[in-house]
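Form predicted alone, single chain, as structure tokens, below.
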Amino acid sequence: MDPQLKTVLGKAVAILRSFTGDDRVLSLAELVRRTGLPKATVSRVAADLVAHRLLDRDPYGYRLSGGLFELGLRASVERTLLELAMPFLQDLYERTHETVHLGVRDGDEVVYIAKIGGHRQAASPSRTGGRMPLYCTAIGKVLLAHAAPELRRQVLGGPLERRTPHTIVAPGMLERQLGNVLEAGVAFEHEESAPGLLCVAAPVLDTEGRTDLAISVSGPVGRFRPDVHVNAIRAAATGLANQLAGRRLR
């Protein structure tokens, strides 16, 4: 056995490095095959990695979690996704002059990985590297609408904290909104995460129509009209999706 695999850390690193750039989900059996570790060991260490948000567990196996991306943001200046996304985010900001976000789903939360705001930006609880629940933000609702049915049931069946008087906490109403998101291709927030904040978001879809990534534009009540920016945000999300797809094909 490789000496590095004799330590718990070495085993954890071996499991994480089993994933390649083309892997979305790996089964327990595939992780055992790739690492050469006993099944019981892989199961135990993978469970610890899930607890620490470095892996996610779903019905098909394990996938890398957003927690790793958060660590990467802290450690690396060269961030391919942000390098590809930033021109689209900057163009969207120039077209709207409102606050622009790029967010990724991590479990039942959205992690904001980029935020561009000018002098007129609205008061918002979001911050780069910060988290918000999926159910009360425009980005979150887009990602929740495109998430696996198991996650949607989990969120709809769990406690929905009322963060403002406008937060949707009725599961049936939220479920209908998610259906509308899939039909319209965009999601809206009306003061659901913070008072006075409006937002519209669109998904960055892969070639199979799936996504863990979305873009939003937000602004204050009284000045911002989310519906006016639907076409602009769709164009930015589609442009980034095409750029990501082209890079995967190279």
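Under this definition, the rigid core comprises the largest set of C-alpha atoms superposing within 1.5 Å between the forms. A quick note: this is a predicted structure, and the numbers were derived from the prediction, not measured. In case it trips you up, residue 1 is the first one in the sequence shown, and so on.
This next part talks about the form predicted together with the DNA, which is not shown.
> Have a look at Arg210, Arg223, His190, Arg44 for me and say which one sits with a heavy atom within 4.5 Å of the DNA in the predicted bound form.
Comparing distances to the DNA in the predicted bound form, the residue within 4.5 Å is Arg44.
> Do all of Lys6, Ala29 and Arg33 end up near the DNA in the predicted bound form, with near meaning a heavy atom within 4.5 Å?
Heavy-atom distance to the DNA in the predicted bound form: all three under 4.5 Å.
> Using a 4.5 angstroms cut-off on non-hydrogen atoms, would Lys11 count as touching the DNA in the predicted bound form?
Lys11: contacts the DNA in the predicted bound form.
> If you check in the predicted bound form, is Pro195 within 4.5 Å of the DNA, heavy atoms only?
No - in the predicted bound form, heavy atoms of Pro195 and the DNA never come within 4.5 Å of each other.
> Is there a heavy atom of Ala40 lying 4.5 Å or less from a heavy atom of the DNA in the predicted bound form?
Answer yes; at least one heavy atom of Ala40 falls within 4.5 Å of the DNA in the predicted bound form.
> Does the DNA come within 4.5 Å of any heavy atom of Arg57 in the predicted bound form?
Arg57: contacts the DNA in the predicted bound form.
> Tell me, please, which stretch of 212 to 220, 177 to 185, 44 to 52, 199 to 207 lies within 4.5 angstroms of the DNA in the predicted bound form when heavy atoms are compared?
In the other structure, the partner sits against 44 to 52.
> For Ile15, is the C-alpha shift between the shown form and the other one 2 Å or more after core superposition?
Indeed, Ile15 is displaced by 2 Å or more.
> Rigid core aligned, does the Cα position of His52 differ by 2 Å or more between the shown form and the other one?
Comparing the forms between the shown form and the other one, which are aligned on their rigid core, His52 does shift its C-alpha by 2 Å or more.
> Superposing on the rigid core, does the Cα of Phe224 end up 2 Å or more away between the shown form and the other one?
Shift at Phe224: below 2 Å after core fit.
> Any idea whether Ala47 and Leu156 get closer or farther by CA distance in the predicted bound form, knowing it moves 3 angstroms or more?
Their C-alpha distance grows by at least 3 Å in the predicted bound form.
> Is the CA-CA spacing of Tyr62 and Gly130 tighter or wider in the predicted bound form than here, given a 3 Å or more change?
Closer is correct, given that in the predicted bound form the C-alpha spacing of Tyr62 to Gly130 is reduced by at least 3 Å.
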